[in-house]
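Single chain ahead, written as structure tokens, the form predicted alone.
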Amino acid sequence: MIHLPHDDNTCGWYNALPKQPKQALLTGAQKADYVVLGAGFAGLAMARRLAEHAPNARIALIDAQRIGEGASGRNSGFVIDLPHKFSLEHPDPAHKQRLLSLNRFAIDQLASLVAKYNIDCQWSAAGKYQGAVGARGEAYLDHFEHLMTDLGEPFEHVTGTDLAKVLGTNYYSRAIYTPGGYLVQPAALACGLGANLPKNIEVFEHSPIVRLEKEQGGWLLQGEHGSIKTPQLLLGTSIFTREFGFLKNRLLPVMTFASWTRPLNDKEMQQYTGLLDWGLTPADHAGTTLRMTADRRIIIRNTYQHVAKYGNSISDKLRQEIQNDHRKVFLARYPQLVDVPFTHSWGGTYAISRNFTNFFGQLDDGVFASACDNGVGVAWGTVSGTLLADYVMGATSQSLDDIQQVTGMPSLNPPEPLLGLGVKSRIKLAKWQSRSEI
């Protein structure tokens, strides 16, 4: 049985968009030269690059949901250039430089597409703040400074009134600002990329694949209302790759949650006192991500859950508890905005691996995948999707060499129920340890 995403329908990013034009459903018995499964940032990049290599081929891009509704449209909207979290602690400097180069490859590619197609997605070279609340966060921030010095990348300290002038709150003790990251409205970016694909790409939305079968000469993808056969299948399915029998027991499904406000009015902006269009990630990884969007919304993101059955693992009661926790976090930072409500709260599922390794390459005859973004989906999805298409088409480049150097096989997980118990215990411990930074 293939488990589908079952995402909530309350993602603020997607609900803030104008109504999107409908795409076709997968119906009948069809054939394609290439099928890309999953229309997130990885799948969109795969399909685009395949079309550039093979402009006369029939390319099908299939998703169980609408473009922008899934995980790619549910993140916090950071496009990060630096090696992220545990990747920044890798002992090999060359490994980190390769990651840096790959992430910047993705940023350059996305910036070019946003400009070329005039995609309205709040694309902004705003950089990123790494923030600490108290002593625990400051210890992590000191470690981050050491890692940045070793990496040789620019950064600056922001403290006191200078930090409060940006964030509109005195809640944080200090931060480190890095200039290379971008901010974006992720659902708008995904939809804009999907609306401007090459003409030989056919998009099928709301077309979940419920069975995948190997046949002579290729693969048969069976949907709810139709099927499609292809000799070449590219998977941009992240955590859902395991649902098709690949990388089983190697990927961990984790959901994180966000809430945002309506746009602040002029009076509330005066009470807020900070700037627009910035993003802060926590120095302590289990802390709170905070953003002020270009259209005056404040976003709170924290809380992690192990979700073996994705959205079906989250009850309405738990969603409400998480929103209540978000509200406490919001008011601790912005008590002056007590009358500003949240309009949306949502979750998004992503894949991590126990050894923090991304998969890139061939899984079976005619099946290729980029899977397990380890929480950095916009940049990694874009560059890995692009380069996977290059790999399938036999192209060569330094970037392709780099991505093969920094990827590998995610390690095996313990069997259930030990896995679920272990992950849930680890998440609870991290939340307790990081309570002063949340």
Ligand SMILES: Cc1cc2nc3c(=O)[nH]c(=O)nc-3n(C[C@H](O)[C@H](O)[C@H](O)COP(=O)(O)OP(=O)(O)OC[C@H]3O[C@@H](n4cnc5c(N)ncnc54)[C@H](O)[C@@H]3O)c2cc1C
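From a predicted model like this one, the values you see are computed outputs, not experimental measurements. The first residue of the sequence shown is number 1, and the count goes up from there.
Heads up, the form predicted in complex with this ligand isn't pictured, but that's what we're talking about next.
- Residue contact check for Thr256: one or more of its heavy atoms lie within 4.5 Å of this ligand in the model of the complex.
- The closest heavy atom approach of Pro410 to this ligand in the model of the complex falls outside 4.5 Å.
- Although the partner is absent here, Lys96 is not a contact residue: none of its heavy atoms lies within 4.5 angstroms of this ligand in the model of the complex.
- The shortest heavy atom separation between Gln30 and this ligand in the model of the complex exceeds 4.5 Å.
- Contact annotation for the candidate site: Leu163, Phe330 and Ile438 all lie away from this ligand in the model of the complex (no heavy atom within 4.5 Å).
- The stretch among 151-159, 67-75, 267-275, 332-340 whose residues place heavy atoms within 4.5 Å of this ligand in the model of the complex is 67-75.
- Contact with this ligand in the model of the complex, judged by any heavy atom within 4.5 Å, is made by just one of Gly127, Gly218, Gly361, Pro208: Pro208.
- Comment: this ligand is not present in this chain, but in the model of the complex one of Val376, Ala60, Ala389, Ile403 has a heavy atom within 4.5 Å of it, namely Val376.
- Residues Leu37, Gly38, Ala39, Gly40, Phe41, Ala42, Gly43, Ile62, Asp63, Ala64, Gln65, Gly70 are the ones in 31-70 with at least one heavy atom within 4.5 Å of this ligand in the model of the complex, listed in sequence order.
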